[in-house]
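Next up: just one chain, as structure tokens, the form predicted on its own.
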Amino acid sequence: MRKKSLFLALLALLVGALALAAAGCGGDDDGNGNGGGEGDGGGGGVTALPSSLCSPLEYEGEGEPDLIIASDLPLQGSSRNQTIQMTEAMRQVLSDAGWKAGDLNVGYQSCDDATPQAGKWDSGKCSQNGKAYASNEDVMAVVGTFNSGCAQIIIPLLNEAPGGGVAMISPANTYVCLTTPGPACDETEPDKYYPSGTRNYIRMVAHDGYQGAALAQFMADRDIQSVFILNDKESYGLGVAENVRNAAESLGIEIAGFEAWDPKAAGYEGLMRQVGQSGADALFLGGLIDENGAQVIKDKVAVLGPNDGDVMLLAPDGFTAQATIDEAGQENAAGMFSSVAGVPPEELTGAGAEFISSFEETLGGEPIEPYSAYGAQSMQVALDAIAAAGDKDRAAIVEALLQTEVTDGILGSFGITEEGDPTSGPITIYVAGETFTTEEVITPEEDLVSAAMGG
């Protein structure tokens, strides 16, 4: 019996020592990095989103988080540098707000909707993420998505989430039909994204009717007579290609061809010879750099010459990232024009200029990507909607979100229409060199925007 008692005593001491060691490895006690995988409390009374989908729960305020805001962006592939910077911009807004929305403490998780296999957003991952947000009663808002195709999957999942839906604010979606019906939209759009009958989604950027109109105006101002239009077959790429086609035709620019490129092709020299034979003096690429866009650019230059030569090269915001220059090579990207919905960082004023100045210090000299300020504004809008609701109440937060009015915000002053779009639509045209730099800011006429949408 003595030996048994001694063994049990030693075993108890060993278990106690292991418990203390485990507690010591569990993290610090200053509020940073609270969180864990599915089923974990994650800090206070909130349950963190699964670690297989998202970063650990972050919270740097006093006490414990009361709720979660998640961001949903592709953190792998060609968009990675841009989207990682957007998450840093969101963290800065949270830090400036003391990690609070009104009286509520806000935890944050950065979630990835991309996969290594796809090298970009993935439909299965978007579905998985959307279901996780909807089913986690602590998630009050989602900032995202970056890609409109992913938004088509997540919006309806959040729209029917328990408690009145989850508020969703996109810093970058531009596909027209997410919010607005039009001739180019399927007859079920946009209603199919809102099965509950109540909207829960807004965006901080003008839709592609504005982008298409601005790009067509830019070409007309430079005496482009004929444009060949390519697209990557995705809903966003095809949509913006159609918007450019419609607006260009309305301005008297001939459409020399309208074709798709195969993202899985090894090369596009044959397609570029077709462009050359059409006699077009401009080529527009509707799509994403992630869809083998760098090879498309390389073969354009190889066959049709430099972008400041006989055939101008233009693209939408799906190409306006440093990755385009890095992957295509500066010698190939140089001189191409690319658009972004919104104003460039250096032209922001007031609160926007203050944010950019502070964010530049955070980045330590790294160039600011065009959508970082839009990520920051999206996070601020989410905090404001939660504060206006005054409680951890999904339905009340959605209602507040739809009444968003921003005065002297990071992106200036603007409202949100009943459909969920911003009330202003400037478009920046950038030109590629060592980096993308501002060429011109265009606010297209509403008649041209209507034409771009097929009206």
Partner chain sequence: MPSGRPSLVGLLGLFFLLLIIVWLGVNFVKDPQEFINVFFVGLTRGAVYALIALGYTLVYGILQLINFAHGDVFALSGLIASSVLLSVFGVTTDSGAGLVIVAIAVALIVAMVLASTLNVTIEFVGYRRLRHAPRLAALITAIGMSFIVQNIALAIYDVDYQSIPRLIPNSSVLTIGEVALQWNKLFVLALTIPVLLALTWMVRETRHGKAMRATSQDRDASAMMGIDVNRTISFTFALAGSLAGAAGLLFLLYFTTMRYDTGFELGLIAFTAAVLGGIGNLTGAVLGGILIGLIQEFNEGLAWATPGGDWTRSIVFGILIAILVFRPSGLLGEQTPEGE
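Numbering follows the first chain given and starts at 1. Note that the structure is a prediction, hence the values are computed from the model and not measured. Think of the rigid core as the biggest set of C-alphas that the two forms share within 1.5 Å after superposition.
The protein also exists as the form predicted in complex with its partner chain; that form is not presented, and the subsequent description refers to it.
Proximity of residue 363 to its partner chain in the predicted complex falls outside the 4.5 Å heavy atom cutoff. Contact annotation for residue 274: at least one heavy atom lies within 4.5 Å of its partner chain in the predicted complex.
Residue contact with its partner chain in the predicted complex: residue 91 places no heavy atom within 4.5 Å of it. Heavy atoms of residue 269 reach within 4.5 Å of its partner chain in the predicted complex, making it an interface residue. The candidate stretches are 371 to 379, 351 to 359, 295 to 303, 95 to 103, and the one lying within 4.5 Å of its partner chain in the predicted complex by heavy atoms is 295 to 303. With the partner removed from view, the residue among 259, 347, 249, 308 that has a non-hydrogen atom within 4.5 Å of its partner chain in the predicted complex turns out to be 259.
Shown here without its partner chain, the chain has 302, 327, 331 in 301 to 339 lying with a heavy atom within 4.5 Å of that partner in the predicted complex. Core-superposed comparison between this form and the one not shown: the CA of residue 228 exceeds or equals a 2 Å shift. A movement of the C-alpha atom of residue 269 reaching 2 angstroms or beyond is seen between this form and the one not shown when the two forms are aligned on their rigid core.
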